[in-house]
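In the block that follows, a single chain appears as structure tokens, in the form predicted on its own.
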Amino acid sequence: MKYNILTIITLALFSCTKAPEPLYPLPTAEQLEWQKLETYAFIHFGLNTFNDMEWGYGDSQAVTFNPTDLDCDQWAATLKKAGMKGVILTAKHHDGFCLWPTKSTDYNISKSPYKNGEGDLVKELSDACRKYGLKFGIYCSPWDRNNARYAYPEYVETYHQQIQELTSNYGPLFEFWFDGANGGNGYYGGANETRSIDPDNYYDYQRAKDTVLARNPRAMIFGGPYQTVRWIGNEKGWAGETDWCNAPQITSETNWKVNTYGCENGTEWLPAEVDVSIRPGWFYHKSEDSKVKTVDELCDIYYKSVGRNANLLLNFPVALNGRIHPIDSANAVGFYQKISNELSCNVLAGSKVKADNERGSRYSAEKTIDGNPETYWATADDYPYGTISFTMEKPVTVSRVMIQEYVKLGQRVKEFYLEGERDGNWFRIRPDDTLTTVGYKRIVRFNPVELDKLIVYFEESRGPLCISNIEAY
């Protein structure tokens, strides 16, 4: 076959500027959509609330569930103002009490005084979420300390009936939570004994996953051996300073270090989720009204979760009257306002950008400040590192730098550092964190510095760099 000179030049140019080869594992479209949510809320409310407990034994009476002024619209409106993108409701905790009128057990909201037994809290909150533009998710504990047949085959069918009801009747779900607490002592229909199960096999998680995804194909799954997002390994509000989305498939035997840090050579894309409560407890206790996390504490949690390549699931323990407490509300809204203010003025917009290596014009350094998440700066195949600088027209004061990789092609960066330059004098920027992984998003904090040039040195990467966004505040 013959080619004219124009065709040869065109083919040569294309071959020089083709995209880097993907580095596996890669995220699914659904996982990427989930990571972009960044912050969403947990709601814990149930019999534990009215019995001043964290883990109910399974013997509290259903009639004790009796909120006097429950208002799911108040929950949704509050969470919207606090910047949350969705809500996950604890529809059933370990005590086994169900917040919807399930047909699987009598231990449910229909046996309580709430709305004279006609209430359905799952429906009320899912409706409120749609009204306020929030995504809706479900937590349904596999462990059931009330059910007489727990640890026997019959309970597995009961649990699957609950999953079927929750995934069929309340609209699309963005996440379904299977908690990791499984087996131990409980009421168990009056047996008052300890029961143990094999958590990876007893519940038939394969069938559970299929049930969730049949009607909610975009939903993330938390917990069990078929999860698509992973627990970070603590409930304190921080992700590892190194946080790979790469990980092995998680099981109940997985080492905590894998949960916290991921694994560079992991074969699965399992981004991390940080779960933490705005109070010391997950359920409301009046004694904790003076212990609600402050605005500054919540901001620190944000930077140690979202700022370290993880999603933040912030729990709100609804009070006895059925509303989010005013202190919790005020602090959560204040936190969102402060973070929004701190990240409101990107000083790199309009700066002059230069890199020491570019793959071609399609992957130039300017792609890091063009505001388009689908474009990115990339280096040549034999250049798994790189330096990029941003020169401002006049000196600026900076205390935050945000970096995002184009993770559709895999997570790559293994180590980087920052420098500033002022009037021709350069200096090393000393951040609070060690600077290793980036992933979907990394936000680096440091004491304010004045500079007219910012330089980012990517010291090591799993392959050519693919950096979609860099901002400074």
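Nothing here was measured: the structure is a model prediction, and the numbers come from that model. Sequential numbering from 1, following the sequence displayed.
One more form of this protein, predicted in complex with a small molecule, exists but is not displayed; see below.
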Does the 4.5 Å heavy atom contact test between Arg145 and the small molecule in the predicted bound form come out positive? no
Classify Glu235 as contacting or not contacting the small molecule in the predicted bound form by the rule of any non-hydrogen atom within 4.5 angstroms, answering yes or no. yes
Taking the small molecule as it sits in the predicted bound form, is Trp55 near enough to touch it, meaning that at least one heavy atom pair lies within 4.5 angstroms? yes
Indicate whether the small molecule has at least one heavy atom within 4.5 Å of a heavy atom of Ala181 in the predicted bound form. yes
The small molecule is absent from this chain, but in the predicted bound form, do Tyr40, Lys85 and Phe174 each have a non-hydrogen atom within 4.5 Å of it? no
Though the small molecule is not shown, can you say which of Phe390, Tyr139, Tyr363, Tyr155 has a heavy atom within 4.5 Å of it in the predicted bound form? Tyr139
Identify, from the list Arg279, Lys135, Arg308, His94, the residue with a heavy atom within 4.5 Å of the small molecule in the predicted bound form. His94
Heavy atoms within 4.5 Å of the small molecule in the predicted bound form: which stretch among 428-436, 404-412, 61-69, 40-48? 40-48
